[in-house]
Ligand code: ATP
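Here's a solo chain for you in C-alpha cells, the form predicted alone.
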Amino acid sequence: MMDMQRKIGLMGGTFDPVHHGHLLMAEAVREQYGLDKVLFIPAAQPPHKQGRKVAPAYMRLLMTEMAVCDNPYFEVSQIELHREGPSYSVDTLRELRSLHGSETEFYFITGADAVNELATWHEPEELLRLCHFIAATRQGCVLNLPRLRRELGERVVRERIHELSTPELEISSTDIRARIRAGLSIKYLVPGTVEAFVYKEGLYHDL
C-alpha cells in the first residue's frame, strides 16, 4: 500500500561511521517540519568519495540500524545497497517516488555546505523536482543563497530549498576515524552500540 499525504525525511550518507551529529540533525528537522518519519539511507558507492576506502556496506548498515533503533520515527533503508554503480540521489528519489506515490513529500536533509554544491550533483533540476532540500546551517556553515539563485534559479530556490539552524555539534566521521587511528576515545561521539561494534570489528585503524 502506498503512503498517502505523508512527509518523509531522507538522510543519506556514507555513515562511516554514523554519529550523534547525524541523529541530532535528523531529529531537529523531523520536529520542525512535522515529518512522519526519517529514512537513513547508507550509500553503497558514494559518487563524491570515489577512490577513498570505506568500511564494508553491510557494516555501515548495521551501525546505522544500531544508532536509530530507539527512535520510533527513524528507519534505515537498504535501497542504495541493492543498486549497482554509484549511489546517485536522483535515482534513489525516483525509486522512492514509485514506492510511496506522488502524494508523498520528500525532504532531503543535509548540511548547508552540501546544498551550496547542489548544481554539481547528478541531475540537480530533476532532484529538486522530486524533493525539498533542508539545509542544516550552523556557525561557519551557511547557505550561499546568491550562488544558488544564480545556478539553479530564483523560483526553485525559494520553493524547494529551506534553511534550518540545527543544534551545534561539531562531530565528523572523518574526525572519528582519525581518533581511532590515533588511539583516542570516541565515547559520546557515537551511540554506545556503535562504539562497541567499531572496537569489536577493529574498524578504521587502516581507513
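No experiment lies behind these values; they were computed from the predicted model shown. Throughout, we count residues from 1 along the sequence that is shown.
One more form of this protein exists, namely the form predicted in complex with adenosine-5'-triphosphate; it is left out here, but the text below deals with it.
In summary, among the residues R158, R181, R52, R150, the only one with a non-hydrogen atom within 4.5 Å of adenosine-5'-triphosphate in the model of the complex is R52.
Scanning L62, A28, V142, I171 against adenosine-5'-triphosphate in the model of the complex with a 4.5 Å heavy atom cut-off leaves one residue, I171. In the model of the complex, at least one heavy atom of G21 sits within 4.5 Å of adenosine-5'-triphosphate. Residue contact check for R138: one or more of its heavy atoms lie within 4.5 Å of adenosine-5'-triphosphate in the model of the complex. Not displayed here, adenosine-5'-triphosphate is kept clear of V190 by more than 4.5 Å at the level of heavy atoms in the model of the complex. Among heavy atoms of T110, some come within 4.5 Å of adenosine-5'-triphosphate in the model of the complex.
The chain is drawn here without adenosine-5'-triphosphate; in the model of the complex, the stretch among 150-158, 29-37, 173-181, 64-72 whose residues come within 4.5 Å of it by any heavy atom is 173-181. Although adenosine-5'-triphosphate is not shown here, in the model of the complex the stretch 11-27 places heavy atoms of M11, G12, G13, T14, F15, H19, G21, H22, M25 within 4.5 Å of it, in sequence order.
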